[in-house]
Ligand SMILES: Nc1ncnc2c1ncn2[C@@H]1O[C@H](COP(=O)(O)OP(=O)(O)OP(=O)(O)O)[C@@H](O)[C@H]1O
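Have a look below at one chain only, the form predicted alone, in structure tokens format.
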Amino acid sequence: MKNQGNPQNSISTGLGDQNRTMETILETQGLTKKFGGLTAVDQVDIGFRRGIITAIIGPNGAGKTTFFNLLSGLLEPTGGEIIYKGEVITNLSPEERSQKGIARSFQLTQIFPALTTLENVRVAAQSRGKSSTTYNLLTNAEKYGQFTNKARDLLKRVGLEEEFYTRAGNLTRANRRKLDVTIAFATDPEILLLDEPTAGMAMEEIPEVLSVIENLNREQEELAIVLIEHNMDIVMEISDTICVLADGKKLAEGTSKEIREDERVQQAYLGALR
């Protein structure tokens, strides 16, 4: 885990040659979502910074997934704003947000099971192509060399170089999850939203996926990573900043030590963090 900073809009890590300014890239102001009489997300203000891994945690029903769905555009807020690099994007579609640099993976992996691992990542890379032939079905596959090369490079980085031609549906659970993250990363995001990246995985598989996330964070210094995760050991290990939601409200925000010692958080989790 990297050096903890203060939660201002722009901070320096103080890591010598590895100094980098971690500006706020995505923020919410008074973000609210109501479903009839239920307020799932209630006036949430939070900012996500470049180079930082932020975990969103909270008890069941806290509003975490709804909050993610608001960030990625799958839901429209009832109130408040979402601001990305200084631009209000509250009403943009998921596709428009993706084009701007917001990528998301889901709790259930979103892959094309009949395509090879390489093809899955290549298709994601093609979505950022500028050519008129990017999705022309009559275009010779050799024309997609730049996207194929990019897909190969990304898959090597996550340790899937031996699975280039394996059908995605035949991958192990851990490798499917790594592929899912790689697909999102292939769209050249500036902020990566990961919804429970270790969900349903055996304990021995989890370190593989955590390693991928940490490596992406280390290699892409400007990338902001936000994740929802229920495993508190994982949260405490991988996160720079933790935001706690409870009953749709932001209950607390801080480092793992600050969150662990926060009495309000302990009470919300019924002592699970003691």
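Source: prediction; values computed, not measured. Numbering starts at 1 and follows the sequence shown.
The discussion below concerns the form predicted in complex with the ligand, not included here.
Looking at 201-209, 44-52, 214-222, 63-71, which stretch has residues with any non-hydrogen atom within 4.5 Å of the ligand in the model of the complex?
Single hit among the candidates: 63-71.
Is His230 close enough to touch the ligand in the model of the complex, meaning at least one heavy atom pair within 4.5 Å?
Because a heavy atom of His230 falls inside 4.5 Å of the ligand in the model of the complex, the answer is yes.
Hey, in the model of the complex, is Ala40 touching the ligand, heavy atoms inside 4.5 Å?
Yes, contact at 4.5 Å.
Taking heavy atoms only, is Glu196 within 4.5 angstroms of the ligand in the model of the complex?
Glu196 belongs to the contact set for the ligand.
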